[in-house]
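Given next, in structure tokens, is a single chain: the form predicted on its own.
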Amino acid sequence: MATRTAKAAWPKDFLWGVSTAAFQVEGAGRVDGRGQSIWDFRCTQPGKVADAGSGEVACDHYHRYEEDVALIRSLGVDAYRFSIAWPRVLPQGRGRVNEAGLDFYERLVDRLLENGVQPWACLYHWDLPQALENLGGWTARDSAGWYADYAALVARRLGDRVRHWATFNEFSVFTLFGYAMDWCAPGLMDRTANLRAIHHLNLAHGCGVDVLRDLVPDAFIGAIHNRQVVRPCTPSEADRAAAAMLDAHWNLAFPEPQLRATYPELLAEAIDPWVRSGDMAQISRRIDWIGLNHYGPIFAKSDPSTIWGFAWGDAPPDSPVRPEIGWPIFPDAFRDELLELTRRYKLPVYVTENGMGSRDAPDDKGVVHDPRRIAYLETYTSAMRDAIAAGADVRGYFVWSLLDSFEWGSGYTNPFGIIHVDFETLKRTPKDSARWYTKFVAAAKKGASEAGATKRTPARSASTKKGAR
């Protein structure tokens, strides 16, 4: 790829978008036949979600999707990344189909297309049907088949209109937090369950790729990974070992088998008991793009009391000013990660999540000022531009998030949206950051057009000798 200067125009075909996830925005938790998910169940457990929040109403996107699509169009972006709620279309995870749920996604996709917005559908964003969890969930090898059947159902219904697909969102987050640390559903702290879930999710990904290839003509298929550099809190040998193990779980346990047909060295022996003949070929099916969710670096410290011997540590005291959630701001780490993804996996990269959590309420005139979010977005998009100039094959960027929404264990206490949602009235109010993003995208497109930037040739899909089809 040709090197660009830092002042060069954005590529002409660069994709700008916004993201959400089903459980975080849809609400309608007991409407039209939707089944219970593992997160519905977790929200009923005392102390698991801040302020006893739940996704039962959330942003009520299920009923207000037309208003939300109009807001997306008003931003001037190209694409909307959303997820399908597995329990909305298959209330028990398998078996009886809920036509009302599929009808909702058809209406959403149709409205997006009518408004000139590309639908980017993610098949799984953390909301496993509770009925399947009762059968072992991702610790059961059968889960790969359950997922493939679900993917086939959705692909048959939407594949004539949706070309862009992600199999999963952030494998590493919900396996580590859900099976080893009790920070996410299903809330286990079990080493064996964690290892089994890692392998079965990788299998499910490969099965999902097969289904999409077979059922969706010209499907553009990827997977979304949360990748962030892991740094030891101190130079001690123990903290360096902790950082290496966290890196294996967080950054390598999924893209390495999916794109290189191998598990990272620190995990391979532990996972091997569940690997059968042909598994790695199934896992490493050809894909077309890699999604990156990135916010800032992670700092690790040794903690022998935990399952894997590591714990999250604090960023150094002299770190850049951080938002309320306590996540450090290191745009250079973002730039470096984009370059590393291009070097390591040789796939087009789409930034599928990037943003900042901050509580910003309307003032007495109803205006929502969020200067810290704007400063964050300015800094990180500048770092992305630097990465492209240095050779990173970045093809698109999606802000997290379109709407203030349910943020898992944080409930509604740490909103990321560029559009404010009053959770009493559900009124939507674009923040200053929404207006900034609209102007930014318009300027980027104008600059690319005036510069006469040429479209890039699509990169070859990643494959391995074991996994190529």
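So that there is no doubt, residue numbering starts at 1 and follows the sequence shown. It should be emphasised that the depicted structure is a prediction, and the values quoted were computed from it without experimental measurement.
Form predicted together with a small molecule: not shown, discussed below.
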Only one of 340-348, 196-204, 233-241, 122-130 gets a heavy atom within 4.5 Å of the small molecule in the model of the complex; which is it?
122-130
The small molecule: the contacting residue among D370, E353, E256, D393 in the model of the complex [heavy atom, 4.5 Å]
E353
With the small molecule left out of view, choose which of T175, S284, N169, S143 has a non-hydrogen atom within 4.5 angstroms of it in the model of the complex.
N169
Please run the contact check for N226 against the small molecule in the model of the complex: heavy atoms, 4.5 angstroms, yes or no?
yes
Would Y295 count as touching the small molecule in the model of the complex under a 4.5 Å heavy atom rule?
yes
Touches the small molecule in the model of the complex: E407 (any heavy atom, 4.5 Å):
yes
Is W400 a contact residue for the small molecule in the model of the complex, using a 4.5 Å heavy atom cut-off?
yes
Is the small molecule in the model of the complex close enough to Q24, W327 and F416 that every residue in that trio has a heavy atom within 4.5 angstroms of it?
yes
